[in-house]
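Quick heads-up: it's one chain on its own, the form predicted alone, in structure tokens.
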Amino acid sequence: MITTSSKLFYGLGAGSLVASIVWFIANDGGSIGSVALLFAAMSLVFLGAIASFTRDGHVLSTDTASHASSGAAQRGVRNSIWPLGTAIAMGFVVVGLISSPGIFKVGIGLLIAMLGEWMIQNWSERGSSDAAYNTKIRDYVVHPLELPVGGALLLAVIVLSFSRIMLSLSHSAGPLVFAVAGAVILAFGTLVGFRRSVSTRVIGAICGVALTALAGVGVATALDGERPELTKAAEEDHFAHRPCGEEEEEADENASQSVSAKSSVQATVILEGGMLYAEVDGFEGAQQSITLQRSNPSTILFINRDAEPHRMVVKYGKVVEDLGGGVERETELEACTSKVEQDGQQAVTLTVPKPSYASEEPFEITVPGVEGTKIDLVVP
């Protein structure tokens, strides 16, 4: 049976075949254009044959058995949000290709999720003529994955939003807000527990409004930035280095005042009554000189027996770095403890790269703020 669409395909195929012959003659046997037109003619004839076989999808009025199974007799699928989600995910992929690998990876993950949801919904909508049954089989397939992932994402939004809020609040207001938020959540849960007749839609609406408000405030505070103290600490990177001056710094706050017995200490430096001396295994009495091995890690223990907090500073020369272009940078090598309270102790571990006699400045151990305290450091 030659149908309407098959007539069009056969006609285009015949025209393509004639065009390939004309091309072959006009170009003195040129094969590229002729082969392309010949393949087009074969494809069009093949499509025409398919249209003839399927009769353009028409069902005869006398074929009543095919009426119920035809595509026109099937119930159409419901409106879906997944095509919109797929388009947004594709936008993430395109933006990520240009800007950031992280955004690209997020876009790929969203694209896979949106396409999967879209295909599963289309499959379930054609499961039967019962919409409730179709929804049920869809839930059986995707709920084991949707619920854990959705819960994890929801928890991530809550945690990140709340953390941004807490980081923007002052040091004194943070605990107050935390306590008030906990009390509100506890009161809401108690009210729901006592009034079990409350509609789940009402509870869901309240939770949705609260989550939206929390996320909005979290985004606003994140854009506004952290409180000044944290911003300053991030810029200066307080804990990336340990200050070795007399003044107390952030790194000295709540510093440890004890050292493990397994620290393998080479020497113990003690500050007592304004006097600084060392105790070394194998030598009797107080020592004013310590000998360390070169290029090996060495640990020195500092014990403060004075009433005021002090730190021990070990200076062991300088190094000169060639930055290129005739520019050099000189760096003083030193290690120090945090502020040590009375009867507290701390240790420093250092590796001395060169002998003490090769340095123009002496290697020594001092305590800032205590005049006349010094222990010589000898590195052969």
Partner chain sequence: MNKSPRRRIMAAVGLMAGLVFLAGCAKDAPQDTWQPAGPNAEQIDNLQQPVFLVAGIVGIIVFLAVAFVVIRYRDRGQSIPEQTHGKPALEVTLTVIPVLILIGVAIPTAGTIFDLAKTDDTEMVINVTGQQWWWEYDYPSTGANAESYGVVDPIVTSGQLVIPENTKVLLRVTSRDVIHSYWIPKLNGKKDGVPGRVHLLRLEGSKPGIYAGQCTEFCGLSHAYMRMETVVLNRADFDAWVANQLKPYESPAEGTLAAEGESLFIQQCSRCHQVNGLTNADGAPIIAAPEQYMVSGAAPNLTHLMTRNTFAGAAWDLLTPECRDDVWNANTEEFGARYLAGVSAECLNQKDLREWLRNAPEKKPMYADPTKLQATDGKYRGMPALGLTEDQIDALVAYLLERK
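Everything numeric here is computed off the predicted structure, so don't read it as measured data. Residue numbers count along the first chain shown, from 1.
Absent from the display: the form predicted in complex with the partner chain. The rest refers to it.
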| item | value |
| --- | --- |
| Partner-contacting position among Asn122, Thr212, Ser80, Thr291 - heavy atom within 4.5 Å of the partner chain in the model of the complex | Thr291 |
| Option from 106 to 114, 80 to 88, 215 to 223, 281 to 289 whose residues, in the model of the complex, bring a heavy atom within 4.5 Å of the partner chain | 281 to 289 |
| Ser264 within 4.5 Å of the partner chain in the model of the complex, heavy atoms | yes |
| Non-hydrogen atom contact Gly245 with the partner chain in the model of the complex at 4.5 angstroms | no |
| Ser99, heavy atom within 4.5 angstroms of the partner chain in the model of the complex | no |
| Val378: touches the partner chain in the model of the complex, heavy atom cutoff 4.5 angstroms | yes |
| Within 190 to 226, the residues that have a heavy atom no more than 4.5 Å from the partner chain in the model of the complex | none |
